[in-house]
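Quick heads-up: it's one chain on its own, the form predicted on its own, in C-alpha cells.
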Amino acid sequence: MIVQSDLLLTNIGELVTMAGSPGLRRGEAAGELSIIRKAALASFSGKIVWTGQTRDAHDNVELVDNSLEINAAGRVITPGFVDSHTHPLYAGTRQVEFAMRAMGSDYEEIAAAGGGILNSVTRTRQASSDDLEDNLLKHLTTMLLYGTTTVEVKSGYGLDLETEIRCLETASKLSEYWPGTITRTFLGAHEIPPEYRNRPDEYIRYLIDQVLPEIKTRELADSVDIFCEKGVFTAEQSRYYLQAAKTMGFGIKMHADEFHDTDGASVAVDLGAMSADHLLSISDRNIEKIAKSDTVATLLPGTALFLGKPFPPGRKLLDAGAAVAIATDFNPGSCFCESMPMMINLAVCQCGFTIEEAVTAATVNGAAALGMGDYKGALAPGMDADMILWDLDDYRGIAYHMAIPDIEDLIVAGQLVSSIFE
C-alpha cells in the first residue's frame, strides 16, 4: 500500500525507531531500540506513516504537493526526548543556596534557614505573569535545543490558589505556541506554605476542597503530584490527597523516597500512579513492588549529582523488572539543568544503565510516565513525528559525548524547527 507523505527522510544511517508494543518497556524489551539502517521515514500531517529501507521509499511513499524531502546523509535519527519531570514555573534563582551547599550545608539545613522551595514560593508569588512566561519560555527553548520535544511542566512554587492558577495558565498559554508538547502537572502539594505551617492536614484539605476543583473546572492540569518526604507530607497524607485527585479525574504522580524511605513508592503503586519519581532512598521491598506494577520508576540522576547524593538504584530497578524512565528534574534549587543528553550520560555512567536502556528511559518510558505511550517516544507508524537529527553515525555517541549534544536539527510534529538554532 502506497502512503501519502509531506515529509520524507532518506539515507538515514541509523533510524532508532523504538518500535514495539506501545507503552512502557521493561526487561529485555528496555534494551531493544529496533534500529533500521540505511533507512527512510515518511510522515504526513505530523504522524509517522512509513519506515523502511531507503531503497524502498519511493515504491511505498507518494509525496504530496509542497512536501519536504531530506537526505540525512548517513546520520542518526532518534525520537525526540520526553522529559517527564520538570519544575520550570518559578521566579528568581537560588545560586546563593548553591554556594551554601558548596560550603557544606545540606538540603534540609538550607530549608531550615529560609531557603529551599519556600524561597522560590515567595519570589514566584511576587512575579508578574509576563515574567513567569518569559522565564518558562527561556527554559523550554533550552530544552528544545537539547532535544526535548515533549515535556511535563509542574507548578508548585505558588502554593496558593491565585499563584498556582497563574502558573498553570502560563503553561497552557505556552503550549499553544511552543513547538513541542507540554503536559501540565499541578504540584500544589510541593511544600507546606507559611500560612499553613505546622498544619499540613488543613492545607491538604484546602487543596482538595478549593484548589483542585477550580483547576479541574478550568482544565488547567492533566495530572496531580505531591512531595511525599520527611518534613513535608507523609505517606498517609499523600494517599489521601492523591486518591481525591484521582477521583476527580486527574492522572496522579508522586515525588517518592527522595531523601528518606517514606514508603512513598508503595503508595504510588497502590493507587495506580503513572509514576513514582526520585527514588534515591527506595527500599528493596518497594523495588520489588514497583517492578510488579505498571507505575513507572522515574529516576532523576541530575538531582543526585547536583546535591551530592548517592545516585538512584537504576540497575537494581532494571534487574527487578521495573519500567524505568529518566528525566531532568529541572528546577531552581536542586537541579539547574535542562539537558536530557546529560541525564542519559549520568544514567549510563552512574546508575548502571546500558546505553540502550538509557535511550528507552528517555523516550518510550518517559512517554509512558506521562500517559502518552500510545503516540510519543517512538518513530513507528501512527506515532507523532517528533525526532532528533544527530550529527552522529552511531547512536552510542549520544551517551558518549558528555553534556554537549551533537544535535543538528529537530523535527516536531513533522515540521523542521531549524530557526531555533539560528
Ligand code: NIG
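Note that residue numbering follows the sequence shown and begins at 1. Just so we're clear, the structure is a prediction, and the values are computed from it rather than from any experiment.
Omitted here: the form predicted together with the ligand. The next part is about that form.
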{"query": "Interface segment, criterion being heavy atoms within 4.5 Å of the ligand in the predicted complex, picked from 280 to 288, 250 to 258, 145 to 153, 197 to 205", "finding": "250 to 258"}
{"query": "Heavy atom of Asp83 within 4.5 Å of the ligand in the predicted complex", "finding": "no"}
{"query": "The ligand contact at Phe98 in the predicted complex, heavy atom, 4.5 Å", "finding": "no"}
{"query": "Heavy atom of Ser334 within 4.5 Å of the ligand in the predicted complex", "finding": "yes"}
{"query": "Contact label in the predicted complex: Ile117 to the ligand, heavy atom within 4.5 Å", "finding": "yes"}
{"query": "4.5 Å heavy atom contact with the ligand in the predicted complex for all of Arg94, His190 and Thr303", "finding": "yes"}
{"query": "Proximity to the ligand in the predicted complex, single hit among Arg166, Arg75, His139, His87 (heavy atom within 4.5 Å)", "finding": "His87"}
{"query": "Of Trp178, Tyr107, Phe311, Tyr240, the one that lies within 4.5 Å of the ligand in the predicted complex (heavy atoms)", "finding": "Tyr107"}
{"query": "Stretch 122 to 153 - residues with a heavy atom within 4.5 Å of the ligand in the predicted complex", "finding": "none"}
